[in-house]
Ligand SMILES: NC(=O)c1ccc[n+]([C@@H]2O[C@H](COP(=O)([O-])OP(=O)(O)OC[C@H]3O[C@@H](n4cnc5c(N)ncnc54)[C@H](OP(=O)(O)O)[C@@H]3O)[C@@H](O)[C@H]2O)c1
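Just one chain is shown here, as C-alpha cells, and it is the form predicted alone.
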Amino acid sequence: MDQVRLGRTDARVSVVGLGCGGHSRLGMARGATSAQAADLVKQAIDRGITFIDTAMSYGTEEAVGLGMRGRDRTSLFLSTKSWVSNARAETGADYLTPAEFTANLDASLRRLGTDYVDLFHLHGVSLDQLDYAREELLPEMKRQQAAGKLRFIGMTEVFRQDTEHRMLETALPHGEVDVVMVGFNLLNPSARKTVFPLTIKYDIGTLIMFAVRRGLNSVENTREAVDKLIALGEVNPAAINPRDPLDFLRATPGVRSQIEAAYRFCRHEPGAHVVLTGTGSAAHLEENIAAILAPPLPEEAQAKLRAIFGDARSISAD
C-alpha cells in the first residue's frame, strides 16, 4: 500500500482511505449488519489501509470500532465528524453550542471504542455557517485537542451544493484547520483552481471525496451528467461523443475501466493526498484499491480531459 504525508499533520497514511459514508456506508445502506460491516473494515486494514473515515451521521461508527478491535490503534488514522447545526449541513442556523458539539465528539469516541480520534471534522460546513464554525466551535475543538480527545482539526464542504468550493476558498487562508475534505472528480475538477493552490500553500492535508459517484459509475449516468454540463455551457458538445462521453478513456491503452480512470485521475492530482473509496463488498474494495494504486493516466488522456472538462464546476456528479 502506498503511503502519503497528510500535509502539516506529518502523519504517514495510506493513499487509499476507507470511506464509511456515501451511498454504501460499508454495505449498511443496503442491509448489511454491523458485524458484516466490521468484517469489511478488518479486510481493509489487512489490505494495508490505515486511513478510515466515518461520521456520527453515517451510522457506521460502531462497525468501525468493532473492525478496529484488537488492532494496533497507533497504526491507524481515524477520522470522524459532527455537524455544526441541528439542521445538519447547508444553511441551517440552529447551531450546536460548543458543549453540544463536544457531546457529539464524546459519543463518537464511545461508539468507536477509543479515547481519541486522529482527526475530528466540522462536517458539511456551508459558507453561511463558516463564521459560526470558526468563531464558536473551532476554539472548542482546540480545547478538546489540548485535552487529548483529538489530534488534528478538519473541515468538510457540502460539495453537492457548493460545487465551486466557495466555503473552502474562504476558510483556507485563515490557516485554522489541518485537513480538509474536498469534492473532486474528472467531471468537476474545479478544486484544481480554487482549493489545491491554497492547501499546497498552507500545507493542509486533503481528503478526496466524490472521486467516483453516480455520475461516473456507468456510461448512462455519465451521459446524463455531461448533458447537464453541456446545457450549462461548461462542456462543448462537439468535443465528445454524446452517446458515450468518456469512450476515449476506455480506449486508452492500460485503462481497464471508466471507474479505474476516474480514480487514477484523482490519485495523481497535485495537492491530492488520500482518495476515499466506499463499498460494501470485499471484491469491490480490491478493485478500487487497484485503481487508486495504478499509475497516472497517460498525458494524452489527461490533456483531453483538461480540454473537455477544464471549465466544469456546476455539478458534483453524485
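Start at 1 and count along the sequence shown; that's the residue number. Treat the numbers as computed from the prediction; the structure is a model and nothing was measured.
What comes next is about the form predicted together with the named molecule, which is not displayed.
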Option from 208-216, 101-109, 130-138, 189-197 whose residues, in the predicted complex, bring a heavy atom within 4.5 Å of the named molecule: 208-216
Heavy atom of Arg69 within 4.5 Å of the named molecule in the predicted complex: no
Taking the named molecule as it sits in the predicted complex, is Thr156 near enough to touch it, meaning that at least one heavy atom pair lies within 4.5 angstroms? yes
Does the 4.5 Å heavy atom contact test between His284 and the named molecule in the predicted complex come out positive? yes
4.5 Å heavy atom contact, Ile259 to the named molecule in the predicted complex: yes
Which residues, if any, of 177-206 lie within 4.5 Å of the named molecule in the predicted complex when only heavy atoms count? Met181
